[in-house]
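The chain below stands alone and is given in structure tokens; this is the form predicted alone.
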């Protein structure tokens, strides 16, 4: 039997036995309806197995190195000192944090206080237990575990996470910062399964920041799922920052469902991780909806960062814009696969997509695959991908003005990335990220 098949079989067996242990510890919550979803998800994962490079969607991303580790479910109650997370907050927003440790909401570490009693921000498991209507209507409805093995794995092991419900006609006065931390407390690599559900009511506005961190360099897998629902006229800016250690593995699936006249803006930043895969699926399901997707990644060493996006124009008169940029160094690899689907009835669609990457060495590799599938005839759509090196004329210009080679290269890299950071509306986050990335370039 091939090594891959043995590994797949072993991990499926581990999943089944770990799920049995989890189920035995659920007590009364095993009787809640969501546990039926968990059981269906673990059964589906056993059918799907782990993806391989023979799967078209995983052609350039080999997950085999991840599962050579010995895994254990992340400890649900690790001890984390409050000062250990000080560096993960943003200046001016440290009292706006929801902290999740190994995928579970931490009341002790969280600092966010909501004045409006109609706005709900807190533990997903608590919301499931009290039968929140929005949870019953939306949880696990959009993130499809029937075809996505890592979504199935997350759903099977979802014990907690974050539930956010913004009612109609509310403009949140400050961003909400979800700070995810993974703590491994034994020799086995930890698997954390954070889950986020955010439902934003009609004509409401909110900025959501998700940041992912580690407290040590040990290997672990963050397998995250986020579902965002925008009702009519809602506006959401979603900023996701993956800043985990170079020993970490990170797989994330974000699914967005938009009603008419809603506006969703996403900025995805990846600086850490050994193997990283981001799946971002957006469905424009109401007329005059807009979606704007931006991303930046920086790789060094042997890192691999894979961004897969899918924008589904399901109805007429919608617009989407997409721009992803990457800078690759050493022998690192990057992947961008962006697909835009314009359905037959989606006339008057505007859809624009672009990927741009810089290779700093001959050993760095970038795989870019922009895709358009258009079944309507009255549309404006374009896509493109470029891969190149730093501009030699610009380098010469800076060098001729007394700027050293390394400093000149750092300035040019920062200029290349800056138009992604300019899309971030929250000034505190934008300033911190620009400073952090500039430090990376100087290093």
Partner chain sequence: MSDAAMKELPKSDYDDKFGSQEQQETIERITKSEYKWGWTTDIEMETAPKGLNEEIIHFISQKKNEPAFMLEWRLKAFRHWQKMEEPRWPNVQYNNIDYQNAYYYAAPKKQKQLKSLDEVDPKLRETFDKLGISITEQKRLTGVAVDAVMDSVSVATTFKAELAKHGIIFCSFSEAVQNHPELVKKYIGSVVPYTDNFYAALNSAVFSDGSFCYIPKGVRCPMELSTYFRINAANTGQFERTLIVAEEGAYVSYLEGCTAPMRDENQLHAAVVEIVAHKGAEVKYSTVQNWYPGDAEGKGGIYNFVTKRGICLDDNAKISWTQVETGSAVTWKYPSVILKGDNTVGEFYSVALTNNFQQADTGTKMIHLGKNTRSTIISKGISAGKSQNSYRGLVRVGKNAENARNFSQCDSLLIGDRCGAHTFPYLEVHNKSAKIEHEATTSKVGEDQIFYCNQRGISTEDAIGIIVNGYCKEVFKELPMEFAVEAQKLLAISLEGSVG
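Residue numbers count along the first chain shown, from 1. Predicted model only: the values in this text are computed from it and were never measured. Between two forms, the rigid core is the largest collection of C-alphas that superpose within 1.5 Å.
Another form exists, predicted together with the partner chain; not displayed. Remarks below refer to it.
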{"property": "Interface residue in the predicted complex among 368, 84, 112, 314, criterion: non-hydrogen atom within 4.5 angstroms of the partner chain", "result": "368"}
{"property": "Residue among 32, 26, 379, 43 with a heavy atom within 4.5 Å of the partner chain in the predicted complex", "result": "379"}
{"property": "Which of 140-148, 113-121, 88-96, 359-367 sits within 4.5 Å of the partner chain in the predicted complex, heavy atom basis", "result": "359-367"}
{"property": "The partner chain contact at residue 374 in the predicted complex, heavy atom, 4.5 Å", "result": "yes"}
{"property": "Residue contact check: residue 171 to the partner chain in the predicted complex, 4.5 Å heavy atom", "result": "no"}
{"property": "Close approach of residue 383 to the partner chain in the predicted complex, 4.5 Å, heavy atom", "result": "yes"}
{"property": "Contact label in the predicted complex: residue 67 to the partner chain, heavy atom within 4.5 Å", "result": "no"}
{"property": "Contact test, all of 13, 242 and 285, partner the partner chain in the predicted complex, heavy atom 4.5 Å", "result": "no"}
{"property": "The partner chain in the predicted complex - contacting residues of 261-288, heavy atom within 4.5 Å", "result": "none"}
{"property": "Residue 409 C-alpha moves between this form and the one not shown by 2 Å or more, core aligned", "result": "yes"}
